[in-house]
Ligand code: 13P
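Just one chain is shown here, as structure tokens, and it is the form predicted alone.
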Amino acid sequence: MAVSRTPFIAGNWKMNLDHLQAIAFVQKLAWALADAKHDFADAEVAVFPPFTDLRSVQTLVAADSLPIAYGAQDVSAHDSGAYTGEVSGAFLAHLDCAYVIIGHSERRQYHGESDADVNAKVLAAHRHGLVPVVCVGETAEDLEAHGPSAVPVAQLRAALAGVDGAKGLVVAYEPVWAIGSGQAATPEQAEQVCAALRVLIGELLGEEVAASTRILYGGSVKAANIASFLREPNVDGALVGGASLDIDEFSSIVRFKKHVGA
């Protein structure tokens, strides 16, 4: 039975925009989408600001009843305690975050996060009612040595150990070789890996969860190529990096249906 999955366009701001800039950005994004008469049934929109911006974004979204979701870029595996510099899922939940990015390649590369760390954070997100956006992806060396889907599938298998699929999940396939390079994967490459990830979700969490889970592509996504990715049956949206900091470009990505073509 076919399941309809609302496309999900997520903007990962990384370490950009302070809380005042965040307020201005979200206001302008909301205005741009309203002016374009964007139907949020066509695509859910979410932004992922730095931790220091989240309270400001929460206040703005609540006060103006903006139809824009938001989440954090990371979460601690621990709920509380002597963990200097970490941020608990409980804190994020109290800021009304809907989502949290977990296992981004920059966290894996620069902070040494292992598959076990990613799994612990997914479980922590679920303990606090947050939907994890689990990032997986291979380096150019991985691609050469193991082929296109082996590493992302292994990463996701580890991330989902002991996870209750009923609590919600988004998966983002981000080939490390494409992030920030200007050279995106082809739609066919993205579809091949996303299809393999969906098969794995079905094996681990059941076919119903697999059918309803949104799988995103990330890596040099822009308005000029988003429609080609969203034509693929197993690509349900995008995790957008640099382009999410440009309001015109990001709002155009969100409105991908305007330039899908036939």
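Just count from 1 along the sequence shown to find any residue number. Computed from a predicted structure; not experimentally measured.
This next part talks about the form predicted in complex with ligand 13P, which is not shown.
Colleague: Could you spot which one of Leu197, Val221, Val45, Val57 gets a heavy atom to within 4.5 Å of ligand 13P in the predicted bound form?
Modeller: So the residue touching ligand 13P in the predicted bound form, by this definition, is Val221.
Colleague: With a 4.5 Å heavy atom cut-off, would you call Val240 a contact of ligand 13P in the predicted bound form?
Modeller: Taking the distances in the predicted bound form, the answer for Val240 is yes, it comes within 4.5 Å of ligand 13P.
Colleague: Is Glu138 close to ligand 13P in the predicted bound form, meaning a heavy atom pair under 4.5 Å apart or at it?
Modeller: Heavy-atom contact with ligand 13P at 4.5 Å: absent for Glu138.
Colleague: Does Leu143 reach ligand 13P in the predicted bound form, with heavy atoms at most 4.5 Å apart?
Modeller: Leu143 lies outside the contact set for ligand 13P.
Colleague: Is there a heavy atom of Lys121 lying 4.5 Å or less from a heavy atom of ligand 13P in the predicted bound form?
Modeller: Looking in the predicted bound form, residue contacts with ligand 13P do not include Lys121, since no heavy atom lies within 4.5 Å.
Colleague: Okay, which stretch from 49 to 57, 33 to 41, 203 to 211, 232 to 240 lines ligand 13P in the predicted bound form, with non-hydrogen atoms inside 4.5 Å?
Modeller: This holds for exactly one stretch, 232 to 240.
Colleague: Across 8 to 39, which residues bring a heavy atom to within 4.5 Å of ligand 13P in the predicted bound form?
Modeller: Heavy-atom contacts within 4.5 Å come from Asn12, Lys14.
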